[in-house]
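Take a look at this single chain, the form predicted on its own, given in structure tokens.
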């Protein structure tokens, strides 16, 4: 009897050991394994944060439906930074110390990111940032922040791509002529950095000027002064750098004062979801990283777009949606290749990222002016045509020719 029991115990131990080995070999984890926690901050009242968080959750749900990562589910924990630096810093503190997240993603406004830097440095958690264009953020991070992976282009990256784009457009379309540029910029860190970078890039090639305004996102909304200054200057290209809340009221005031430059262009991080439905939007140009028209040239874009529409029954209206979606997939892929969420292993895996994104380009990380891990380094020039964002440049992903000049107001 004792021998029989001993044999049974040996067999049971062997079966158990085999099962454990099988789990390790297939990457599965025991039932009830703790989820991998991804902490995120966005301004949820802004279209960028609202749809960015929605797209990130879409990616989490897709990955979980496919079996998760290393046999564990992903869990997304989002905290609203309310476009305030102190709220953003408090959000990082909570996510790290209370929610015990494994890594951080998200972000939009440069001013908020500046407030978050001390807390990020304190904990040195891996960060995959979807926002913060100001070079001041990069300066605040410093070269030693190897845990920081920045997806969004810096302002100088953006400016260089715009300069390259306008040169190429003028060369290809002889009727498009630019000599004078005016930049209306919101008075915060984002706008001021945009002005400084644009002046450096465009000042030698074009006659350049600009003036600040208080964004409607921060209690402003009266653009009369800056528009009057622009109209008096008489630019061939009028550009404004602010937030989605400024898009329609600025156009309404421009129409009221009959200000119609050759090119009317906006550069907010995101546009109102229904902007394209407004007759004011027609032929307005914009800078961006993505548009639904890219679905026609990128299978990854179409997959993202179709999934977003199926899940939320609304169209993604800001490039922060595919950018945030990408952040989750990049994180999941790196964790899988690292075999864990250990910071050192994750940094090494992220540095080797090669992700075919829905932005219509493959994302890798290379050094920028200061940090080691910069993702996207360019933007696209687009135009609203018949309610749809069309890509004008770069030409390899173009979906339409530019309508020029911007038609006079009726």
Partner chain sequence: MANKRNAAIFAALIVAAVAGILVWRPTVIIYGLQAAGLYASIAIPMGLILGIVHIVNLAHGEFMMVAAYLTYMVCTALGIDPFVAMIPVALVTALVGFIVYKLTIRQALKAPELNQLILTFGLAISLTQLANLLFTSQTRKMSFGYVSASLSIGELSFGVYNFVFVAIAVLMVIGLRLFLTRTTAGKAALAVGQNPKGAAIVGIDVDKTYGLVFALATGMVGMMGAIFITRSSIFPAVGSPFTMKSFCLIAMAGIGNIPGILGASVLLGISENFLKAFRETRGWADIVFFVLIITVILGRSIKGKKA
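Residue numbers count along the first chain shown, from 1. Just so it is clear, the model here is predicted, and its values are computed rather than measured. So that the term is clear: the rigid core is the largest set of C-alpha atoms that superpose within 1.5 Å between two forms.
What comes next is about the form predicted together with its partner chain, which is not displayed.
TODO: Give a yes or no on whether every one of 217, 244 and 249 sits within 4.5 angstroms of its partner chain in the predicted complex by heavy atom.
DONE: Every residue of the spot touches its partner chain in the predicted complex.
- [ ] Find the only residue in 232, 177, 337, 303 having a heavy atom within 4.5 Å of its partner chain in the predicted complex.
- [x] By the 4.5 Å criterion, the partner-contacting residue is 232.
Task: Listed residue that, although its partner chain is not shown, lies within 4.5 Å of it in the predicted complex (heavy atoms), from 224, 143, 309, 124 - done: Answer to the contact question: 224.
Open item on the list: Under a 4.5 Å heavy atom criterion, is residue 279 part of the interface with its partner chain in the predicted complex?
Closed with: Within the cut-off, so yes.
Task: Partner contact for residue 210 in the predicted complex: its partner chain, 4.5 angstroms, heavy atom - done: Yes - in the predicted complex, heavy atoms of residue 210 and its partner chain come within 4.5 Å of each other.
Task: Touches its partner chain in the predicted complex: residue 274 (any heavy atom, 4.5 Å) - done: Contact check for residue 274: yes, within 4.5 Å of its partner chain in the predicted complex.
Open item on the list: With a cut-off of 4.5 Å between heavy atoms, is residue 187 one of the residues that contacts its partner chain in the predicted complex?
Closed with: Residue 187 belongs to the contact set for its partner chain.
- [ ] Just one of 38 to 46, 360 to 368, 347 to 355, 64 to 72 has residues with a heavy atom within 4.5 Å of its partner chain in the predicted complex, so point it out.
- [x] This holds for exactly one stretch, 38 to 46.
- [ ] Enumerate the residues of 327 to 343 that have a non-hydrogen atom within 4.5 Å of its partner chain in the predicted complex, in sequence order, or give none.
- [x] The stretch does not touch the partner at all.
Task: residue 154 C-alpha relocation of at least 2 Å between the shown form and the other one, rigid core basis - done: For residue 154, whose C-alpha is compared between the shown form and the other one after core superposition, the shift is less than 2 Å.
- [ ] Superpose on the rigid core, then tell me if the C-alpha of residue 309 is displaced by 2 angstroms or more between the shown form and the other one.
- [x] The answer is no, as the C-alpha of residue 309 shifts between the shown form and the other one by less than 2 Å after core alignment.
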